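First comes one chain, alone, set out as structure tokens in the form predicted on its own.
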């Protein structure tokens, strides 16, 4: 069934419910949004030949048009290709060439970058909020396209930090499965709540459009088009019952702002965090400042937002029971997914053993766009090989250790950077930390901690702290103090960039 039906269903049941907001004001009700999207779908078909199976790219910062373009594309039976607005024009060009969309919608802010990207000649570039864009709504609205569960709905391109990005083929069935799991395992959403899109619509926040449309939430786009702590608190108060997706770094900034301004999260319902680990010290601080309003998900583009989850209620129950092991976990398998731990040969491991996290179920994509070899390597046997290392306990709680490529082997011992990071973050002077492994002629690899800390913090005091918290062999052999850590557009710390930087500095010192 076409995902657009979720919006149409809400429009029929509660057509006057706010559907899209900009800042503190409502722009369109669900009836108006569906009407606009259906007419835009007519423009996509008649002007650009967007038939079922075609692709429509979106290169914009968060803005209201994003949502009607997404819905119109599905209404026409085509697939969206939301592209990270922070990519370099060369990266944009590669994705546009690989996806070959019929049309690429851009904002005024990003029009020059897309022009420099040199899209394929077959791709028409249309800038939002122009006469050309408005003309698309003058066409007759077609009937909603009938598509099956295996029809392509979204081409999700990976970040490309380890090579060319791959396009995960997310289907209508994948997003429907994620929608059902969201309401069962992740969060409880009442009709006429609000979903605040302070995180990129091209990523996690955009994935949650479907479950919120299903119950009639208003999709609120900040006036800034992005993440600003003061604006977020203002929008929580203005809309009430606000849900949002955020990376852990965003949660930390919100907590820091709340403490500085004496705020407590009035109007906030739930922050669903994911995309990177939330360290225990940060989570406990967030609970103390914002209350038990956090839920966690673990997923990947290949199983969008849907592998494991730890709901808001589970956070509170674990905190009150002193179950820090549960708070440090990524929760249990969502209802539509089976999760297992395997060794390098694919053999299943017993509870407590560390291995690669595998997942299978209706949320897992069928493969990568035009890349059968990557599809075979990653999910050829029906299981998604996540590349993440973790362990399942007897109750089914998954504790993530690290990406398999981030595992450090020093003196023959496995060292998981997250363990060391967790220990360092309990030091009161440490603000952020990332632990990486560098080649060492004697030990194979040595543990290096890249630390953002208060001025005057010394390596010896951090070393003494680690010796109190973790085994001696796990402690860093070197501490590098930085003003900030390199992050992706989605808030993930770029460990590869840190390793490359440290390696260059070592080579320079040795020459």
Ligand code: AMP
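Keep in mind that this is a model prediction, so the values were computed, not measured. Positions refer to the first chain, counted from 1.
Beyond the structure shown, there is the form predicted in complex with this ligand, which is absent from this document and is the topic of what follows.
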query: Partner-proximal stretch of 429-437, 292-300, 132-140, 107-115 relative to this ligand in the predicted complex, 4.5 angstroms, heavy atom; finding: 292-300
query: Interface membership of residue 274, this ligand in the predicted complex, 4.5 Å heavy atom rule; finding: yes
query: Partner contact for residue 176 in the predicted complex: this ligand, 4.5 angstroms, heavy atom; finding: no
query: 4.5 angstroms heavy atom contact with this ligand in the predicted complex for residue 335; finding: no
query: This ligand contact at residue 350 in the predicted complex, heavy atom, 4.5 Å; finding: no
query: Site test, 24, 192 and 234 vs this ligand in the predicted complex, non-hydrogen atom cutoff 4.5 Å; finding: no
query: One residue of 224, 122, 395, 414 in contact with this ligand, assessed in the predicted complex (non-hydrogen atom, 4.5 angstroms); finding: 414
query: Listed residue (258, 400, 144, 374) with a non-hydrogen atom within 4.5 angstroms of this ligand in the predicted complex; finding: 400
query: Residues from 202-225 in contact with this ligand (non-hydrogen atom within 4.5 Å) in the predicted complex; finding: 203
